[in-house]
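Encoded as structure tokens, the following chain is the form predicted on its own, with no partner shown.
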């Protein structure tokens, strides 16, 4: 992995990107933010590289991922960003276009004792923001979303209105969460969020 790729921040400016499962939703998301005066915001973030990683939890990946592999439900790093999904299962998010060097670097470390699969395009990343974001999400999510329970650098595989998503608290700001729905359910999840936020329009 090049130094330039490693230094590229994961989060970039939101855009209505061509080929996205939520292409055409930017105006609807902007209308929601305006109608709720920022109380609830929905934004699809630009494309990421998504790598599914299976490995020994003690694998020496610190130089590649910025730290040891996190336990289930926890997140490490910034670019790449690594989510612990299970005892030996992780999802790595990195800047789009870095799939090949990152995959090769991980393969060199884990060898035949694991697997790295490029699953970019399988999911999209949606940011839910605003002071009422957790209240809106709680309408369709069974886990405890209080900031004391679901806090910075935590993740969970859960259901949002019966759609499977990965939920991520990425920053110290409790009013911002990332949702990673599968591409085939992205529009359903986005429509549900827009509907769930209707009561917060002023």
Partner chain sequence: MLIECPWCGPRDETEFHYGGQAHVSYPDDPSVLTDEQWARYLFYRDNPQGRFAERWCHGSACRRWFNAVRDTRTHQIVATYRTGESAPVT
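Treat the numbers as computed from the prediction; the structure is a model and nothing was measured. Residue numbers count along the first chain shown, from 1.
Below, we refer to the form predicted in complex with its partner chain, which is not included among the displayed structures.
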| query | finding |
| --- | --- |
| Contact of residue 43 with its partner chain in the predicted complex (heavy atom, 4.5 Å) | no |
| 4.5 angstroms heavy atom contact with its partner chain in the predicted complex for residue 72 | yes |
| 4.5 Å heavy atom contact, residue 87 to its partner chain in the predicted complex | yes |
| Partner contact for residue 171 in the predicted complex: its partner chain, 4.5 angstroms, heavy atom | no |
| Its partner chain in the predicted complex: contacted by all of 54, 142 and 158, heavy atom 4.5 Å | yes |
| Which of 98-106, 112-120, 79-87, 128-136 sits within 4.5 Å of its partner chain in the predicted complex, heavy atom basis | 79-87 |
